[in-house]
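Just the one chain here, laid out as structure tokens, in the form predicted on its own.
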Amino acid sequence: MKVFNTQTRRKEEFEPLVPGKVSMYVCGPTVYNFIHIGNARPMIVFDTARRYMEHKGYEVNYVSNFTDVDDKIIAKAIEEGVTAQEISERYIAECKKDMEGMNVKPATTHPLATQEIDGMIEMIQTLIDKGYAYDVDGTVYFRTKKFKDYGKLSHKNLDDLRSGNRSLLVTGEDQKEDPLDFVLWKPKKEGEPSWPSPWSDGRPGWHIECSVMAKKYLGEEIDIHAGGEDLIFPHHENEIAQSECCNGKPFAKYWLHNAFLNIDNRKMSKSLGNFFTVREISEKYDLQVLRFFMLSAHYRSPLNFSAELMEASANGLERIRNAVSNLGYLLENAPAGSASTEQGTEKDSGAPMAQNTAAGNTSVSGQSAGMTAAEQAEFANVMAFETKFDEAMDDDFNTADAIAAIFELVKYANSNVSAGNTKAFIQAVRDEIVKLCDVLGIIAEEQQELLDEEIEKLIQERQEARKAKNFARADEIRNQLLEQGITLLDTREGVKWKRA
């Protein structure tokens, strides 16, 4: 498996620090409002990376924080006349609801910045003791010039950056030794939450929070640090400086960053009126559609959000779900089958079975019980789609090509699986689609179990009304279900349903 490392600017073979285990830190949101779809992209793409690594057998320790102390949180609290803690707790809960809707797995640990203040004070003191930080009237700054590798992640020209900020020193608006020095600790202002420290009653800078939480829950050296590309500089650059100066070790082996999300080819902005929260999107679409959309492009490619592209994603997801649903209906009436019925199966299927005895055939022997001999050979073709899927994901988590492999499998299933196949074969093909989708966090199975008893009775009553030629009642029930968000589809195989 190869990943693109932002620091080296090239794809590298992934080799974790500890064989079989992966330590991964992903910067989480600042919780002062509902998360927006820009927040959703790193959540989805790095959750998918985690899922794929677990699919490959790695044990992944996945840490993603909530920044629950910040100027924006404080401003929101003052605006509403409540505490900053009330704001952060409210929007952490709302964020978790949206994550669940997008099928983002909970992190192994979701640390809160406010619960790690002691560790931050300890790290800052270590940096002061080593000469990497200094106190000016209760504000503690990191001394960037002392860290010779500062800038190694962003590859920025630091002299240009310094000259661009020299006015800060000239005007006296800043007491920093160097324009690029950044805050580790700042004194409190009136009405702000604060914590006691050796330098002042105050709160930590943003950058130190992630360094401390990554160290506590993953260790001084970690495998992967990930986030949006807007965090490369200064946030991740500063994390490297703090962590490596404090610990005397490389901080992260691989740095992964997703590209920006645009709205109708324009940068998302409240001032432009094109700012969308995940909650707003959920009012128009199943959030699985948003996940499918996010994975339809490579995570390092800019992604353009539009109504047309969301509709295309909805159609693509429905195509997969319809295939899985059709296989489910075929399963209900399929013959059990045996190896001795090979010829009959070929005839009944309406499509000749390819006698593929490629190497992939050996990997499916455990799944082939109950299949005919022809089906066992044919299933090697099915497994070839999984090989294409894995090859795409092994190439820096190329979800776009992975989805293309799933579509090829869906096309195969629609063309080559019929009521004449054995249950074992139909089940195996269906399971393969569901499995590959699950690796991407895409729910391929319609959630029929979500129908409560009352709705199930209404569907049955409608069937009985139609048999009795009471079409008025049947239509009445259909409309009643539609009002509850359930659309009925009358097919040759029976009544299907889906969310409206």
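Just count from 1 along the sequence shown to find any residue number. The term rigid core refers to the maximal set of C-alpha atoms that superpose within 1.5 Å between the two forms. Note that the structure is a prediction, hence the values are computed from the model and not measured.
The discussion below concerns the form predicted in complex with a small molecule, not included here.
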{"query": "Site check P16, N61 and K253: each within 4.5 Å of the small molecule in the model of the complex by heavy atom", "finding": "no"}
{"query": "Partner-facing stretch of 104 to 112, 222 to 230, 118 to 126, 371 to 379, counted where any non-hydrogen atom is within 4.5 angstroms of the small molecule in the model of the complex", "finding": "222 to 230"}
{"query": "Contact assignment for the small molecule in the model of the complex, among L180, L261, L218, I403, heavy atom within 4.5 Å", "finding": "L261"}
{"query": "Sole residue of C27, I443, V439, V69 within 4.5 Å of the small molecule in the model of the complex, by heavy atom", "finding": "C27"}
{"query": "Any non-hydrogen atom of L309 within 4.5 angstroms of the small molecule in the model of the complex", "finding": "no"}
{"query": "Interface membership of R51, the small molecule in the model of the complex, 4.5 Å heavy atom rule", "finding": "no"}
{"query": "Touches the small molecule in the model of the complex: K148 (any heavy atom, 4.5 Å)", "finding": "no"}
{"query": "K267: touches the small molecule in the model of the complex, heavy atom cutoff 4.5 angstroms", "finding": "yes"}
{"query": "Core-aligned CA displacement of S415 at least 2 Å between this form and the one not shown", "finding": "no"}
{"query": "Core superposition between this form and the one not shown, C-alpha change of N315 at least 2 Å", "finding": "no"}
{"query": "Per-residue C-alpha change between this form and the one not shown, N265, threshold 2 Å, rigid core fit", "finding": "yes"}
